Structure formats: C-alpha cells, structure tokens
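In structure tokens, the next block holds one chain alone, the form predicted on its own.
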C-alpha cells in the first residue's frame, strides 16, 4: 500500500509498504481522510530520537472498517469511524478516570506520533480508539479528532469562566481556532473576539459568527482593550491557538484579573510569569494559565455529536495522498485556511 512516512528527521516521503494486519483487539481501517496538523510539522522538525523513524504520520483519522481482529466486538466490515489518537497506559489514575490525555505512565504519543498513523491507504488501530460517525463525510469526521477535540477540551477547561455575558478572545483562526469559534457559539453565550494576522481568516471567523474581529499587529492590544475595557478588567478567557511570542504577549495584556489563559498553540513563545509588587505584573493577579493537550474520548463523542447535529463544520482544503508533502509545505507557509485534509 502507499504511505507517507517520515523516513528520517525532517524527511517526508511517499513510499510503498506492506498492508498491515489487525491483531487481537485491533481493527484494520481503510483510511478515508486524514487532517494535516501543525503538530506534524513539529514532529518533522524535532531532533533525531524524539520520534521513531521511519513512521507513517497522521493522527486525525477517519475511515471505514476493513477487517476486525480476533476478540473485537461492536465493529464490522463497512462501519465508518473516527479515530481517537491517544493511547494511554490504561492503568494510572488519569487513565482510569478516562483522562488518557493526562496519562502518568505513557509519554506523549499515540497513533501517528509513536506508532504508524493514517497517512496511508490502511492503518491498524486498537478497536477501543474508534467512534462511530455514521454517514458523516469522512473529510469532516477526520478533523474532529484533533482540530475539533482540542479546542473543545480547552473550552471545557475554561467552562466555569465562560458564563453568559463574558468575553472570550480567540487568537489564531486556523485549523483549531475556526472550530473553537463554532464550539463557543454552540455551547456558551459568551462574546467572541477573533484575532488573526490574516484578513481571510478574520472573514471566516466573522462568517462563522464571531462578534468582533481584530487583525493582529502593533495596535491589536489597544483594539481589544477598546472592547473589553481597561485593566484590571479584560477578557475572561483567552484561547491562544498559536503560541508564538507576539500572541502570548497579546494574550497576557488583554486577559482580566482573575481570568484564564489557555495556551494551545505550540509555536514556542515564552510567557513571563514574575510575581512583583513594585511594578505591573507580567500576568494579571489571580490569573490561571493552562496548557491543554488534545482531549478525552468522552469529549470526542460530544464533538462528533455537535457535528452530526450541524453545529460544527470544518472548513477544509483537500489534497490527494501523493500531494501530502506539498500540503504540509503549504501549511508551513501559512497558505492553508481552515484545515488541510489528505484523502488517500
């Protein structure tokens, strides 16, 4: 079968590999769609040894069951499914609570991260990782597993502060950010301020229902402050889906005292946290800072429910499997609006 594999650090190639077989408790899935995520770029750019090579990338997967391995119940050939990509130890306190994204034994990994993923014609996954999606378009189902799940989890973490009449600033209206806008609209009654450098991304946020849009730049903080008021007031919640230095600086300057910063993006910026009394604090007093990671299977079930109810829709650009390397280069250049989806 064809597969797009990282054959060495930074090297992504279309290759031919044997079609895998499902073992006990596993399912062979015929891949229908795979989301291209910025996390994949971080994997490609990581130092040698941080991730196994060769490995088939792709952790946002949806497809159709080809065969079920021994001992698998509840799944039959032809069933359509989305894949929950995290594989925890299943034994620690976090996993036993259903919080495999907080596993205390298994390092960060999973399908497409520490074992072969979905950038191929077929992928083998544990049956426990599958969720039924019915007749949903698989190019819509695949992004739900990360681009939908991760912002949903972040919103869940911020839920106590997302009360009716509060304000949430969403920075970065890309693959995750444009889903966050929809999740906030579907599950809260907050005012949404969307921030991005791209006019096209801000247009998308406006079409999706964001109440205000602000173009990132030197005067962005001032414009957001005009909407949320001067310190110590401000945004109740800031979701940063970029994580670069300029976005972190914006986030900490517009959040309210007692607010919450959720740093979802992985662009490598630094958030200064320095307790001081003789000058303005680097982060407002009583402010929580959280670094969310992916989400839980239960939350993915809820994300799928939102999508099946028509309340969550990914804005996608599709690419054939052979053009996956080009799709990632477009993602790196910032030429993708919404989510790039690979269709084998």
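Numbering follows the first chain given and starts at 1. On a predicted model such as this, the values are computed, not experimentally measured, just so you know.
Beyond the structure shown, there is the form predicted together with a small molecule, which is absent from this document and is the topic of what follows.
Visitor: So which of 120 to 128, 155 to 163, 134 to 142, 242 to 250 is the stretch with heavy atoms within 4.5 Å of the small molecule in the model of the complex?
Guide: One stretch meets the cut-off, namely 242 to 250.
Visitor: Though the small molecule is not shown, can you say which of 42, 313, 308, 301 has a heavy atom within 4.5 Å of it in the model of the complex?
Guide: Of the listed residues, the single hit is 42.
Visitor: So which of 62, 27, 57, 37 gets a non-hydrogen atom within 4.5 Å of the small molecule in the model of the complex?
Guide: None of the others qualify; the residue that does is 37.
Visitor: Classify residue 292 as contacting or not contacting the small molecule in the model of the complex by the rule of any non-hydrogen atom within 4.5 angstroms, answering yes or no.
Guide: Heavy-atom contact with the small molecule at 4.5 Å: present for residue 292.
Visitor: Can you work out whether residue 201 and the small molecule are in contact in the model of the complex, taking contact to mean some heavy atom pair no more than 4.5 Å apart?
Guide: Contact check for residue 201: yes, within 4.5 Å of the small molecule in the model of the complex.
Visitor: Hey, in the model of the complex, does residue 254 get a heavy atom within 4.5 angstroms of the small molecule?
Guide: Residue 254: no, not in contact with the small molecule in the model of the complex.
Visitor: Contact between residue 168 and the small molecule in the model of the complex at 4.5 Å, heavy atoms?
Guide: Residue 168: no, not in contact with the small molecule in the model of the complex.
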